[in-house]
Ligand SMILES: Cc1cc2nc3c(=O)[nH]c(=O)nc-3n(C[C@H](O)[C@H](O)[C@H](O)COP(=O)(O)OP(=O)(O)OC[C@H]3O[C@@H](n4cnc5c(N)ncnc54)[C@H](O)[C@@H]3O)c2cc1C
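Okay, so here's just one chain, in structure tokens, the form predicted alone.
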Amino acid sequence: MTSGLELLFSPLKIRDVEIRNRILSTGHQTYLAKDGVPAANLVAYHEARARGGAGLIIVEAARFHPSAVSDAPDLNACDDRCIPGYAAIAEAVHKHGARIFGQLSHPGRVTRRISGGLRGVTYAPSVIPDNRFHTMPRELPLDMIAELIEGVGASARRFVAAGLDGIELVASHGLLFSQFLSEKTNVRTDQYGGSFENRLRFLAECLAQVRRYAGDGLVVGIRISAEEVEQDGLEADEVLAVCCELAARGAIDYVNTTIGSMAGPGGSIHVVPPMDVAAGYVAPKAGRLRSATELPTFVAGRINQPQIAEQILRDGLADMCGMTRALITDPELGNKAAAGTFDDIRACIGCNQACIGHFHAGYSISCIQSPLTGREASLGAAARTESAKTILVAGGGPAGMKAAVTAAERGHRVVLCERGKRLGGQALLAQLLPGRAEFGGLITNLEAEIAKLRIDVRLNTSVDRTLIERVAPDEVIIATGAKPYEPMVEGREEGHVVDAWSVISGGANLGSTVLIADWRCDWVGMGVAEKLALAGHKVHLAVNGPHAGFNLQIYLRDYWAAKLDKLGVSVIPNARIYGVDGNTAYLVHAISGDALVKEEVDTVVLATGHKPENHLEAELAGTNYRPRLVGDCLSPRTAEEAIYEGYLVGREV
């Protein structure tokens, strides 16, 4: 066993279930269900993490009553159709030595519950509006509460039949069980509202039903936010009282802690905290619950390295560490940590783009660094080549680096050329923005893989037809990226106009008042606005969309918008840059076409997108080479598309 990680790789026994180590994949929505039941791709997804060394996997939240079902591809445990799929997951996970729990949840008021394009009826303890989806729920009648309790028990029976090792109820994040617990969202006057005892009753009765079907051998627990950080959410002392009471009754075997709420924009950021939130920051809150309840306690929240997990365990703050996004990025994390090959771990950078970002966009889970994630069943691992070729990759940004790594892993000889002095492309700029330093981990991870594979890297080397003829590769991959797109700005010669890249890199001379023309509506405009506001500039962010961060994942967008508001950044929505004149910026309303004039502007910063650098494609016209374009030189998008396309072409050559 690896020295220094003794606790992380020690077993944990809860009831009759022994878990081989303390690495946990918490329940998280993958959108890999098919017709509401686990399908082959969900089985393959969880099997990859069990094979990679995780100790415990908790399958994402399943609906236990029709009142929670919508058109979303969630798991549905309301009938016996789910049993074969869960049994397949259990078999796949067990054969690799890991344990598997099922999870049951109901959103209550925190959902639009859309079916066929229509909003459905949402139910909650009381008629208290939701502040995220803006739903006004119907108060649950007593007979329906009885149905819900029975539904929990019936779903638990199905988990038992499928061979799962434990069952978890989701009382976290402002969802239905939490809504019953809070006196702010539960104002009932019957036996399920009012006193602490009454507000606890629904969860307690559901847990009793789970225990009835689970028997004495299976593990029963709850997931709960140690505090919800939302105006009408549970506070830390309320959660402590709930957990202590359930522990005293013997109703639960463990507490799985997180923080935050899905019921409003303030608490949502903690559901999947981004990169500028401190690593392991929830652990002290979990430690308080662990001490008070004396129950095994799980914790999640930016635990992306095994050393962080080990320290949390050594500090006595938890018994298991949720490393969910770390396992999304690198399913082999457990095996690599156990072997002591820490540099081989592809670390999660907390970008939230393809994990929770895909979920909120309605697509199945993946990872910008690991295109195979979520596609385990459809893609499978890349096969070794039977005929090694020489592959020349032009461009050392994320697309080129991933193409080089993938081709080399297959056994090809790879020459990677980058015209700059280091690899990384636009990721080198992204990491310079406030709170975005960890984005550079994407490059660090790829550089480590390149070094391990001993790829021939040539920096300060531009690729042209002459170089290609000298190297004489069998295949050419073009990943030459993009450069800033500069729209026509009338009067530009009379004003002070610079591009965002020069601002980020520190090469621009700026006045005291700055207007950012943000066509992209993503991290560039918001990041530059934060950078300049922190430096003391007065900042106007003119976005060509309805709000700042329109193209960002919503939790990150809301979090960032709050930061900009505190910094005094003024946001001008639906605005396109038109011209400048001395210290005046002229904008056009994107919808009405009306003029928008902003006076006393010293500098205009253009965050107006990128144009592809694809000259090499034209140079190779008429040769025997069929250039393969990937990333921004094909079409400027994000790092996710760049890495995905680099991965695919590396598999194909």
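Note that this is a predicted model, so its numbers are computed, not measured. All residue numbers refer to positions in the sequence shown, first residue = 1.
The discussion below concerns the form predicted together with this ligand, not included here.
Contact annotation: of the candidates G102, P137, G425, G322, the single residue with a non-hydrogen atom within 4.5 angstroms of this ligand in the model of the complex is G425.
This chain appears without its partner; in the model of the complex, the one residue of A88, I443, L433, I468 with a heavy atom within 4.5 Å of this ligand is L433. Contact check for A482: a heavy atom falls within 4.5 Å of this ligand in the model of the complex.
When contacts are judged by a 4.5 Å heavy atom cut-off, A404 does not count as touching this ligand in the model of the complex. For the chain shown alone, L24 is not a contact residue for this ligand in the model of the complex, no non-hydrogen atom being within 4.5 angstroms.
When this ligand is considered in the model of the complex, E230 lies well away from it, no heavy atom lying within 4.5 Å. Here the chain stands alone, but in the model of the complex its contact with this ligand, taken as any heavy atom within 4.5 Å, falls in 454-462 among 532-540, 150-158, 116-124, 454-462. Taking a 4.5 Å heavy atom cutoff to this ligand in the model of the complex, the contacting residues in 637-652 are R637, T638, A639, E640, A642.
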